[in-house]
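So this first bit is one chain, no partners, the form predicted alone, shown in structure tokens.
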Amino acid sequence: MTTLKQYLDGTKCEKKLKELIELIAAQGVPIRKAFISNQKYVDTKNIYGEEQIALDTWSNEHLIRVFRRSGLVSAVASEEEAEVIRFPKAMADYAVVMDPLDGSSLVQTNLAVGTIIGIYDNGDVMQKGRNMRAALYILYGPMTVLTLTVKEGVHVFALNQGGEYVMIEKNVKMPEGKIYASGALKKDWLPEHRKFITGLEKEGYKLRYSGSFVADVHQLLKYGGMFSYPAFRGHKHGKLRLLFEVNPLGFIITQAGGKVSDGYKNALGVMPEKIDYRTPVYIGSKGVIRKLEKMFNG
């Protein structure tokens, strides 16, 4: 089977980008091992006022420490940090955006959560998502899987018992499936979103929502359909962060033939105004997202 290293050696990636991707992939092992001893909620909240479990802060601190020591990253923007962290002595100029542990509230229930990463050139995290050099996520489920794009297709690797990632799916292409998910309380949905979801249900779409954005997007790669976290009453910008969640996963979905939107336009073309910039998000199969944009814009 093709290993992650063998795959990267066959791409157009420069040497230091390969090294960075392999370094990030390797962190799936210590993060997964840290689950057992870091499950409890701690007496802190992140910059968005959300309760943290110990694994949130552990994963964040661990990855920042790894990036600092590597010399491959000059800037990091993390969902757990209020400011961009810079490493002026870095030998390479990659900028990383990350959600160290997406869906962490599910850790205590043993449901799938993940680490989301986006990589840019030029040491600048404040870029449009379409400028991304590479994107990946590590999903901690029954298997530990790494889903990766370096703009040469989307490929899925699984961590084997020897601690090596081996390819299990090559050139993933999203089907036009019929599953859907929607965040926010139903009573707070805005009329246009409610109308669209009602239409999907009439077409036979089935609800599949876990509470972990990365896990819900991963199943879309397999089955197709749509995930959404819309604007809702009192929150016109929705909940999810453009830099750390929407752009990396949107970049992967797009490379697999899907589409990501804020309801009206491609989310990968939005310039973030600040690192915690929020956006409504609709992500999934190209057909259903096009239908959504046509309705919203019409």
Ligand code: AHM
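The first residue of the shown sequence is 1; numbering continues from there. Because the structure is a prediction, the values reported are computed rather than measured.
Another form, the form predicted in complex with the named molecule, is not on view; read the next lines as being about it.
Of the residues given (Leu101, Val73, Leu148, Met226), Leu101 alone sits with a heavy atom within 4.5 Å of the named molecule in the predicted complex. When contacts are judged by a 4.5 Å heavy atom cut-off, Leu63 does not count as touching the named molecule in the predicted complex. In the predicted complex, at least one heavy atom of Lys239 sits within 4.5 Å of a heavy atom of the named molecule. Contact annotation: Tyr180 falls outside 4.5 Å of the named molecule in the predicted complex, judged by heavy atom distances. Contact between Gly211 and the named molecule in the predicted complex is found at the 4.5 Å heavy atom cutoff. Only one of 124-132, 172-180, 103-111, 157-165 places residue heavy atoms within 4.5 angstroms of the named molecule in the predicted complex, namely 103-111. Along 70-91, one residue reaches a heavy atom to within 4.5 Å of the named molecule in the predicted complex: Glu79.
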